[in-house]
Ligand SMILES: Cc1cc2nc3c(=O)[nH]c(=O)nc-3n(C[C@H](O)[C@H](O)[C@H](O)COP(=O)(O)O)c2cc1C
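There is one chain below, alone, in structure tokens, taken in the form predicted alone.
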């Protein structure tokens, strides 16, 4: 079996599959679509050829049209709906203590695995912490790192350390759960892919009634402290590339705060 097979009975020779292939592997030189054998190794299994075919006539050796979920005709949200979603999203720092069900997180990550990754590498891995005590343990590990860095030039953690001593958690905000995106240290695609996946997760959580906040201090400490990195419990050749606190917000927001105008250079 080749890289792609064509159902000649349903193929209309429209050429959309060739146009959709980012690697230029598909050609219509002989009428029906076929692959250019000498560059087939450039296929990244993105599935665009299968997804774009309007008659489901093309099958890839690693996915068939039947395996690809069809899109509903009205899947696109209106600009107003998307605008409300983006502008209404807040960084939640006050969570209800209600625990999150593993199945809910699994549903979210099942969506987020479709977020773009460099060269369709799909190399983002996840660690989900659903134990509030473990989340607090990670906050403490970051606090210890901050104490060690307190006198270093360029760091000023005094306010956060004081808040911790007063019983508040300025690190992970006493969140009921934490989701960490990680990947191989030598994977050049991993940092950007993880950031894109986390940003997608940030928005995907909203329809479920969940709120999120980026775990920036944990990410910073994990990159600068072997102790914090070890506390994360990731594979030895992996690095944390970002994380989100997640849970049910303690309260809702009624308005959209103002923001500076977009700074744009028009070419």
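Positions refer to the first chain, counted from 1. Everything quoted here is computed from the prediction, not taken from an experiment.
Below, we refer to the form predicted in complex with the ligand, which is not included among the displayed structures.
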Requested in this report: Please name which of the stretches 82-90, 180-188, 137-145, 122-130 has residues with heavy atoms lying within 4.5 Å of the ligand in the model of the complex.
Outcome: 82-90
Query raised in the report: Taking the ligand in the model of the complex as the reference, which of 43, 228, 213, 210 has a non-hydrogen atom within 4.5 Å?
Result: 213
Report task. Mark residue 149 yes when one of its heavy atoms lies within 4.5 Å of a heavy atom of the ligand in the model of the complex, and no otherwise. Result -> no
Report task. Indicate whether the ligand has at least one heavy atom within 4.5 Å of a heavy atom of residue 245 in the model of the complex. Result -> yes
Requested in this report: Considering only heavy atoms, tell me if residue 259 and the ligand come within 4.5 Å of each other in the model of the complex.
Outcome: yes
Query raised in the report: Is there a heavy atom of residue 174 no more than 4.5 Å from a heavy atom of the ligand in the model of the complex?
Result: no
